[in-house]
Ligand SMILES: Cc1cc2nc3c(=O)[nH]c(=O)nc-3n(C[C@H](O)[C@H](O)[C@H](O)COP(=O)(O)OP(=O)(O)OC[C@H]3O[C@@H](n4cnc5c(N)ncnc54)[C@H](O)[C@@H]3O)c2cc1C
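This document starts with one chain, in the form predicted on its own, laid out as structure tokens.
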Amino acid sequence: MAALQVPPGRVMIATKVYPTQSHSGAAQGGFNAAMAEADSVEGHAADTIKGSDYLADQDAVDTMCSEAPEVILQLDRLGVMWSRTGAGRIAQRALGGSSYARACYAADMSGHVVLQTLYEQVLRADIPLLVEWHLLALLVEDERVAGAVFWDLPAGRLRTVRAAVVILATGGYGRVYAKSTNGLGSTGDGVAISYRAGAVLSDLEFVQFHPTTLVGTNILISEGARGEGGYLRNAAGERFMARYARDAMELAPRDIVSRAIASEIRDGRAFSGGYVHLDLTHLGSDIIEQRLPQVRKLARVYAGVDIAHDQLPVEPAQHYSMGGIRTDVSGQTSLPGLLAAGECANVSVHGANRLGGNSLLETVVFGRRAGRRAADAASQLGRAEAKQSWARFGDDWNSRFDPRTDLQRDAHNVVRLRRALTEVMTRRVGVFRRADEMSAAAGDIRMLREEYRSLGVAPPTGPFDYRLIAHWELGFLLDVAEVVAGGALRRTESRGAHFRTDHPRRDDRRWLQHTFARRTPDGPQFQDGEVRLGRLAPEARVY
């Protein structure tokens, strides 16, 4: 979306994976927008702020919700095949935490359909695509971005691109956890690279766990399934959500539903093996086929279950990164020349918990704004020299390789460390958190970082050297994990997706604050940041 805002000939896109394989294609539920006469931008904003547990910046929320209807219509004009009502209007469905059925959708393939449409528009605009170029570092000269360094995987060589402005849209850091709905490439690359370059990160301790993922594989089962009327049942067949959100039931926000399922598992009311059932059998085969065809297919292929007749085994797993690179509403970070949009950014519309239907919306609203800002900024800044930063990167790059290193042992060590890291994060910085567990996690991460620094790395072997990519991604994951665990340990309250059993209440007096993090030689330096309030004052969050 950002690239389409820049005049032809002045932009190029570098992608870690083939563009249509982007993780955005996994998003199923829809895009929130107040399109109906009975709905309102104010209602959308109020639901978002309440859903965020009042940590969202309310001016940013107003921007997103105000621009939502217009951006949905723009996507319609670009060719997105929205599902329609019988009267021809864009169809909308209910998602968790919303007071109105306002999610515009394309069956249960919303992200996939919009991704394909935008890709076609990029091809139509003849924007150059640098495919399977892995971002390694930003070039920073005189405290402004001067370009970026990539590993060209198909060619097996380093590449540099000088640029007046760089927009990062690199996704989240879900793969810092062992159980995640995220694509395998969601390793926090952009977040870690901007952090190393000097940008401020914000609120990384807020990690969303999706309530309904397939047991074992953790493939996402859309919130649209509950939006269409799905029930959650424990081993006794009970609709247990009445115990946790009496009014909203299965359509409570994700943090509440995830904790409810985790509580059923913890307290012995789940099925043996640690899961509950998602029951869609009462919807009927016709509705399921019309509105949830992808969910039905995923269930058949990966669980051997036909959801029209059988209940689906589900468990919570990491799903979304609320935190990221701190930006303003135009995508500008604390580093001149660096902008960010989408899940890697933290413009602070989701706060402590994101509502379903707001992530895809955030991506297109703030992607569009970042593209427009980049076009203006590039005209003013011009391209900077990058000789010194390139030399610094080259020294660091060359110092990492040892030709005496055994390739097989090199790969084994990376896999071993990554598995240890993700297991630590899942076990100790998960749905439920406690000081002693998180303190132990922080210590474990420090030890893993030390071991990572001492790893021998064999020099590149040529095209498609995925061993080298795995090594680099582990470094990004370790940087991100250190900030997530440190921020979570520091925040002595429970808010949204961050739930501490040793501090189970929200503490607005101390913690109605963002967590800002800067990189130092001794690790992350944390600082409080003001939350911008506005239309709503914090109150008890009840559903």
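Quick note: we count residues from 1 along the sequence shown, nothing fancier. Every value quoted in this text rests on a predicted model; they were computed, and no experiment measured them.
Only in words, not in the display: the form predicted together with the ligand, which the text now covers.
Heavy atoms within 4.5 Å of the ligand in the model of the complex are found in one stretch of 424 to 432, 388 to 396, 199 to 207, 313 to 321, which is 313 to 321. A heavy atom within 4.5 Å of the ligand in the model of the complex is found for one listed residue only; from 261, 468, 220, 80, this is 220. Only one of the listed residues (234, 181, 98, 332) places a non-hydrogen atom within 4.5 angstroms of the ligand in the model of the complex, and that residue is 181.
Using a 4.5 Å heavy atom cutoff, 17, 169 and 358 all lie near the ligand in the model of the complex. Using a 4.5 angstroms limit between non-hydrogen atoms, residue 134 touches the ligand in the model of the complex. Although the partner is absent here, residue 29 is a contact residue: one of its heavy atoms lies within 4.5 angstroms of the ligand in the model of the complex. None of the heavy atoms of residue 211 is located within 4.5 Å of the ligand in the model of the complex. Among residues of the shown chain, residue 343 is one whose heavy atoms approach the ligand to within 4.5 Å in the model of the complex.
For the partner-free chain shown, nothing in 417 to 449 comes within 4.5 angstroms of the ligand in the model of the complex, judged by any non-hydrogen atom.
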